[in-house]
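Listed next as structure tokens is one chain, alone, in the form predicted on its own.
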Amino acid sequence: MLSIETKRGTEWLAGAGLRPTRQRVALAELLVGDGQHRHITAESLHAAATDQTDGVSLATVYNTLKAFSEAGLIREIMVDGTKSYFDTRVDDHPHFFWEDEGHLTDAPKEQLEIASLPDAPAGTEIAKVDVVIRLRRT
């Protein structure tokens, strides 16, 4: 009998048309198995997978997160040019980046107002707008 975490992970993959390989199911369980949204890095997911499974390489974690992102299961949020976070909540919403701790959390979207955006250059369109609000403790 499948655990609730395995069932959630497998259904999550199936909903996006992704084949449920052993590694994908193991990582999906860690991402959505408890039904909660989360922000993770490839490194933090790799560490969790190493603790709970019989081994998934960091390269496999990166490739799997890329596949999940391309399938629309997660969103990649770039915090700076070197750090990507992945969010299991895929609707449009802003984020707080806590500089002192180096982690990402959801910010209340009801409090965000974007009155206008600059015109996109000729021959282009705005694909999306990511709002990351950097915080530092005082």
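The first residue of the sequence shown is number 1, and the count goes up from there. Keep in mind the model is a prediction, meaning the values are calculated, not measured. Take the two forms, superpose them, and find the largest set of C-alpha atoms that agree within 1.5 Å; that set is the rigid core.
Below: the form predicted together with another copy of the chain, not depicted.
Enquirer: Among 22-30, 58-66, 35-43, 100-108, which stretch sits within 4.5 Å of another copy of the chain in the predicted bound form, heavy atoms only?
Expert: Selected range: 100-108.
Enquirer: Quick check on Ala47: any heavy atom within 4.5 Å of another copy of the chain in the predicted bound form?
Expert: So Ala47 does not count as contacting another copy of the chain.
Enquirer: May I ask you to check whether Asp91 falls inside a 4.5 Å heavy atom distance of another copy of the chain in the predicted bound form?
Expert: So Asp91 does not count as contacting another copy of the chain.
Enquirer: Would Asp119 count as a contact of another copy of the chain in the predicted bound form, using a 4.5 angstroms cut-off between non-hydrogen atoms?
Expert: Asp119 belongs to the contact set for another copy of the chain.
Enquirer: Is there a heavy atom of Val79 lying 4.5 Å or less from a heavy atom of another copy of the chain in the predicted bound form?
Expert: Flag for Val79 set to yes.
Enquirer: Using a 4.5 Å heavy atom cutoff, which residues in 121-135 contact another copy of the chain in the predicted bound form? It's fine if the answer is none.
Expert: Pro121, Gly123, Thr124, Glu125, Ile126, Ala127, Lys128, Val129, Asp130, Val131, Val132, Ile133, Arg134, Leu135, in sequence order.
Enquirer: Please determine whether the C-alpha atom of Gln36 is displaced by 2 Å or more between the shown form and the other one following superposition on the rigid core.
Expert: Stays below the 2 Å threshold, so no.
Enquirer: Using the core for the fit, does the CA position of Gly17 change by 2 Å or more between the shown form and the other one?
Expert: Comparing forms between the shown form and the other one, the Gly17 CA shifts below 2 Å.
Enquirer: Tell me, please, whether between the shown form and the other one the C-alpha of Leu112 is shifted by 2 Å or more, with the rigid core used for superposition.
Expert: Yes, the C-alpha position differs by at least 2 Å between the shown form and the other one.
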